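Here we start with a single chain on its own, the form predicted on its own, put down as structure tokens.
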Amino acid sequence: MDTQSLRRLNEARLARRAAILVTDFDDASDHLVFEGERVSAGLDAAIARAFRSGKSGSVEADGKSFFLNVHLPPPRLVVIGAVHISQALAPMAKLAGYDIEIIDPRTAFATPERFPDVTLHADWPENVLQNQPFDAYTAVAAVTHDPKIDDFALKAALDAGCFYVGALGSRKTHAKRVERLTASGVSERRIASIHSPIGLDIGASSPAEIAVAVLGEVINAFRSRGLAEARDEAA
């Protein structure tokens, strides 16, 4: 890797931006490709698959051989609400390879005793996000049932283009949430991307089952990034 590519890759890592170092086996030349960039008709599909899987490997395209070295930011799951679902979800998310954070200003709930070995913010989302903003490699699950806590985080997640945004609540609760987000200036398209009721439809009822459903939905959203756009372009 040349010095310029190394510098750009380090900058991408600091910015939590996904990149792939593409090396041509024929002449050993390499160049960085960032997520969303186009390269060539032959390589584009292989690069898109590599971004989704996070796996490096060799590919054949345009009559040549390349090695794709994938560098993805570690995905993180930020849960708004230090509730029973969050207690079950935190260890599951860790096992699945997600950096997990809990945000809840209610200090009676957001305690180290209830969430050992978890990054815990006993503060309002608007304060936490000033220094640790959401990004495209963040999943956000709002589970407090309290609009004063959830709504700011949901709007911030939609504005940041988080790969997953989910919110706990009934359809009636979500309808009121939609009204509030619309009034705050969020577009209909972005609001429609919220997963609510939250989690895969597996008939979950207990906090642990709901946590499984949420994590499954997060993983599916992460691994299917960009597929909808690809299908639209192919149609």
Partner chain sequence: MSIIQTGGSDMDASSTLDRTRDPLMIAEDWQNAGRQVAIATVVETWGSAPRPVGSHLVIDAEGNFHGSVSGGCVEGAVVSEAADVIETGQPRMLDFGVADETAWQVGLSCGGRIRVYVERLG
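Only the largest set of C-alpha atoms that superpose within 1.5 Å between the two forms is called the rigid core. Residue numbers count along the first chain shown, from 1. Being a predicted model, the structure only gives us computed values, none of them experimental.
Beyond what is shown, the protein has a form predicted in complex with the partner chain; the following relates to that form.
The partner is not drawn, yet in the predicted bound form one stretch among 121-129, 160-168, 147-155, 79-87 has residues with heavy atoms inside 4.5 Å of the partner chain: 121-129. Using a 4.5 Å cutoff between non-hydrogen atoms, Asn10 counts as a contact of the partner chain in the predicted bound form.
Using a 4.5 angstroms limit between non-hydrogen atoms, Ser205 is distant from the partner chain in the predicted bound form. The shortest heavy atom separation between Pro74 and the partner chain in the predicted bound form is within 4.5 Å. Contact annotation for Asp99: at least one heavy atom lies within 4.5 Å of the partner chain in the predicted bound form.
None of Ala175, Ala183, Ala28, Ala192 but one reaches within 4.5 angstroms of the partner chain in the predicted bound form through a heavy atom, and that residue is Ala28. In the predicted bound form, the partner chain lies within 4.5 angstroms of at least one heavy atom of each of the following residues of 36-75: Ser56, Gly57, Ser58, Phe67, Asn69, His71, Pro74, in sequence order. The Cα shift for Asp30 between this form and the one not shown, taken after rigid core superposition, is 2 angstroms or larger. Superposition on the rigid core between this form and the one not shown places the CA atom of Ser65 2 Å or more away from its counterpart. Note: Ala96-Glu11 Cα separation is 3 Å or more shorter in the predicted bound form than here. Annotation for the pair Arg16/Asp159: C-alpha atoms recede from each other in the predicted bound form, by 3 Å or more compared with this form.
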